[in-house]
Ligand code: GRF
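Shown here is one chain on its own, the form predicted on its own, set out as structure tokens.
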């Protein structure tokens, strides 16, 4: 991984599939005066992702990639990451699992945010499972991406208390708010800014 040379900012790509609320918080953070990175490229597997409007509004290049053929999709993405000299990737609600091949071929760091306190509740439907198991707390985790789903090194976590009448929807909303706080902090911690 290249270190910061003089004034060169790290170049980030954010992968999205939906609303792009974490993308928005990452962009906001990148525009702060002392930020040491910038978002150069947004990648989405969904042409209708609302997050693409956030990229347009911020004049950030974006690429829509059809994942019907995962291999060629990933090759196209890797080519673009190289073309734009991307140093690190943030997965922000990207609903595709990256292959071992993709992870080993990308020469930077890949980080993700997951809506549970990993290592608990990897994968999907986390809020439903947390409530079903009568957990007292849940939260979110920024972690490094490895070829094992939601199993990379934990960078930062934040927890929230689960109320008695909590629903998966109310919990998701509560956790999303803290995702927006900790994803930028996770980036900061990853690169020691």
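Residue numbers count along the first chain shown, from 1. Values in this document were obtained by computation on a predicted structure and should not be read as measured data.
FYI, the form predicted together with the named molecule isn't displayed, but the following is about it.
Undergrad: Taking heavy atoms and a 4.5 Å cut-off, does residue 176 contact the named molecule in the model of the complex?
TA: Looking in the model of the complex, residue contacts with the named molecule include residue 176, since a heavy atom lies within 4.5 Å.
Undergrad: Does residue 184 reach the named molecule in the model of the complex if we count a contact as any heavy atom within 4.5 Å?
TA: No - in the model of the complex, heavy atoms of residue 184 and the named molecule never come within 4.5 Å of each other.
Undergrad: Please run the contact check for residue 98 against the named molecule in the model of the complex: heavy atoms, 4.5 angstroms, yes or no?
TA: Residue 98 lies outside the contact set for the named molecule.
Undergrad: Can you tell me if residue 11 lies within 4.5 angstroms of the named molecule in the model of the complex, counting non-hydrogen atoms only?
TA: Contact check for residue 11: no, nothing within 4.5 Å of the named molecule in the model of the complex.
Undergrad: Could you pull out the residues of 99 to 135 that have any heavy atom within 4.5 Å of the named molecule in the model of the complex?
TA: 113, 114, 115 sit within 4.5 Å of the partner.
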